[in-house]
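In structure tokens, one chain follows: the form predicted on its own.
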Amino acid sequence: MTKTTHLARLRIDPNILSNRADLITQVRAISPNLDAMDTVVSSIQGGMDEAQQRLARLDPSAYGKSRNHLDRAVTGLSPFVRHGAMSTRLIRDRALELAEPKPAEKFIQQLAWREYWQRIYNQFPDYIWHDVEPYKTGFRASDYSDDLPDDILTAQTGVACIDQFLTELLETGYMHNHARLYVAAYVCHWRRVKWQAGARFFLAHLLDGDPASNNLSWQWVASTFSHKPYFFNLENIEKFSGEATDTRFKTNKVLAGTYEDIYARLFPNLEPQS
């Protein structure tokens, strides 16, 4: 199928692909069921020119030093990989041109994780939407809700930092990887919602939403594809977020406490954490 034929099926005029404003107008016109949140247009732009510019700005050493910090070095390359504009091999080779193997190691490991998820998906496609293993939280799968509550869907949970992360997702189609872990843990463990509901929500909004990386990461957080559940506390968010993230105690009370305290609250059926 040619690009023109494919676009014709979507009723998009290929002549306006280089005009962002006109393209947005036409996509809205052929999408009558958009809700209020879906009308927000992300500031993130696609296209090969943008992909090449981001690749040119790649700094694998800086990424390795600060990758877990929400306000530090990220590449913004994942949407372009997801949609086939460039390969992980191309990015890896560029990283090794810019840095020695050791400084580039953490960055290349992230590329390797993506390839790993893809291979798991290819070999075990049922893993993507089904629990690989039972939950290791002291609860059964039937103890978890099948659907996300409206306050999560609309970023109105009342937990300030979680709402900020969700708002960024809804408005831009992006969320830092560490923030994705925070939100996934909040959904699964604080709100006791099945990971599948959260995974569907992320895939509906992430520009780089990929079933393998997304869903298997959700399973890792939930503990159905890992040996224990992933969780965090407010102090951890304070450590890895910048000043733009609201980490005040009074607006994030449910996240506050020691790891031992939170573990006991979230997983009361398990033995105390040693």
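One rule holds for the numbers: they count along the sequence shown, beginning at 1. All values reported here derive from a predicted model rather than from experimental measurement.
As for the form predicted together with a small molecule, it is not shown, yet the points below apply to it.
Note on the interface: of 108-116, 126-134, 164-172, 146-154, the segment with non-hydrogen atoms within 4.5 angstroms of the small molecule in the model of the complex is 108-116. The shortest heavy atom separation between residue 63 and the small molecule in the model of the complex is within 4.5 Å.
With a 4.5 Å cutoff on heavy atoms, residue 202 counts as touching the small molecule in the model of the complex. Contact check for residue 229: no non-hydrogen atom falls within 4.5 Å of the small molecule in the model of the complex. Using a 4.5 angstroms limit between non-hydrogen atoms, residue 74 touches the small molecule in the model of the complex. Taking the partner from elsewhere, every residue among 181, 208 and 214 has a non-hydrogen atom within 4.5 angstroms of the small molecule in the model of the complex. When you look in the model of the complex, the only residue of 160, 81, 197, 99 with a non-hydrogen atom within 4.5 Å of the small molecule is 81.
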